Structures are given as structure tokens and as C-alpha cells.
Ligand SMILES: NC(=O)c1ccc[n+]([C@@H]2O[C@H](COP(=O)([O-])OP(=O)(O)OC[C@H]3O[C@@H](n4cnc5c(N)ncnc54)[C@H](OP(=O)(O)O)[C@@H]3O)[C@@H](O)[C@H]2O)c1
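Here's a solo chain for you in C-alpha cells, the form predicted on its own.
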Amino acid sequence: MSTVLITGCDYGIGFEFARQYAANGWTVHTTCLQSDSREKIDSLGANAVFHQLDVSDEGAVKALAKELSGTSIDLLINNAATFAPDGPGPLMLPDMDEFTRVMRVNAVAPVYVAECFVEHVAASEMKTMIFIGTRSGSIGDNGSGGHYAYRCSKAALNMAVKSISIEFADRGILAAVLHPGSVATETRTGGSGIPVSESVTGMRGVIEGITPDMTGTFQRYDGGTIEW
């Protein structure tokens, strides 16, 4: 039986990944920021395991890695992320503390999660690390500007994953960024966008077909590579 660890499963993409993998018989370790998300995870059946975790808390990440010591994790999905609303001024920036918080959760935390769980992933058959990014983090694709905290955090994540793909290559680990599309989740005003189930199904297809030449790349949920 394959095992996946997914961060940020309180709702949206993370929860849908957990639902689909649990339905397919995988052992699913979920991390959620909120304790009251346990009921949703428990509803997915015995295959789904709830862990409360703030991914930006380095000590808590290390503690979870220790708790799961000896567990082979075929697939690590770094999904947990946050967003900052626009603020005042010409660039519509949030305050600096909020900007820093977004960077910590979206760009810094996934690197520490990857480091803490590298041995778990290296001990598995699939040896795959996936990081949920966004086209908003593509410098080459940026034609509208704005949303500085979110864009900068996701661009930084892209650089981190490229480096991780190099550093972990000798362990046989594949690492890639996935763009989930413009998804209709609880965090999107009005719920516009593609259904979250469609996005996750597409990303799972990309994950299942990932090959060594795709490590260190930025992939679309429906196929194809995005420029950094």
C-alpha cells in the first residue's frame, strides 16, 4: 500500500487530495492547521490519519517527522499555503509583518518540511516530492503585477524546489512544482474557477506520470511545463 503525506488539508486542494488518495486505498497522513478539521479527515475512513500542524513551526515539523520515523512516504505533497489581501498605497502592499508571514508559510516552511521528511521519502518506492505552486509565481508569465506577498512567496518556492531537486537527486528523489489551475475553493471569492476535484485529478495524473527528466520543473495540472 502506498503512503502519502499532504500538508494543508483543512479544506480545498489539500482536502481533495486526501479524499481521492484515501478512496484509492492509500495510507494518507494529513496535516491540518485547525484542530476542528479532525472530523472532516476522520470522515475519509481508516486510511486517513489526522495530524494537527502549523507548517511554519519548525519544532512542530521536526516533532511530526520524529513521530513518523520508520514510515516510508512514497509521496510528499507540500500544499499548505496562505494569502495576504491587498493593502493601501501605489503597490497595494500588506503591512510588512503580513508580507513576512506569507513568505514564511509559502516559501520557507515547505523547504523545512522537505528536509525533515527526506529520509521517509528516500526509503519509499516512489520517492516523490510535490510542491503546489501557481502561475502567479512565474516571473516569465507575469503580465499583470500585483499581489506582491503571494507572488514573491511562490516565486521563492520555485527556486527552492529547483535546488531541492538537485540536492536530493543522489537519493533518487523527484521534486517538482505543480500549478493547480485557477481553482474554485473556499478561499476564492464567489467560488469561481475550475472544480477542485478536476484540478486534483489532473495533478494526480501528472504525479503518476512524473519521470526523472521532469524533476526540477514547473508543471501544469493539465499537462505541459510553465516557464519559471
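Sequential numbering from 1, following the sequence displayed. Source: prediction; values computed, not measured.
Although it is not shown, the form predicted in complex with the ligand is what the next lines describe.
Participant: Of I41, V28, V55, A175, which one comes within 4.5 Å of the ligand in the model of the complex, counting heavy atoms only?
Facilitator: Looking at I41, V28, V55, A175 one by one, just V55 meets the 4.5 Å heavy-atom criterion.
Participant: Is there any non-hydrogen atom of V105 lying within 4.5 Å of the ligand in the model of the complex?
Facilitator: Judged by the heavy-atom cut-off of 4.5 Å, V105 is in contact with the ligand in the model of the complex.
Participant: A65 near the ligand in the model of the complex, any heavy atom under 4.5 Å?
Facilitator: Heavy-atom contact with the ligand at 4.5 Å: absent for A65.
Participant: May I ask you to state whether A18 is within 4.5 Å of the ligand in the model of the complex, using heavy atom distances?
Facilitator: Judged by the heavy-atom cut-off of 4.5 Å, A18 is well away from the ligand in the model of the complex.
Participant: Under a 4.5 Å heavy atom criterion, is G12 part of the interface with the ligand in the model of the complex?
Facilitator: Residue-level check for G12: yes, a contact with the ligand.
Participant: If contact means a heavy atom within 4.5 Å, which one of 42-50, 163-171, 65-73, 176-184 is the stretch that engages the ligand in the model of the complex?
Facilitator: After filtering at 4.5 Å, what remains is 176-184.
Participant: Enumerate the residues of 68-87 that have a non-hydrogen atom within 4.5 Å of the ligand in the model of the complex, in sequence order, or give none.
Facilitator: N79, A80, A81, T82, F83 sit within 4.5 Å of the partner.
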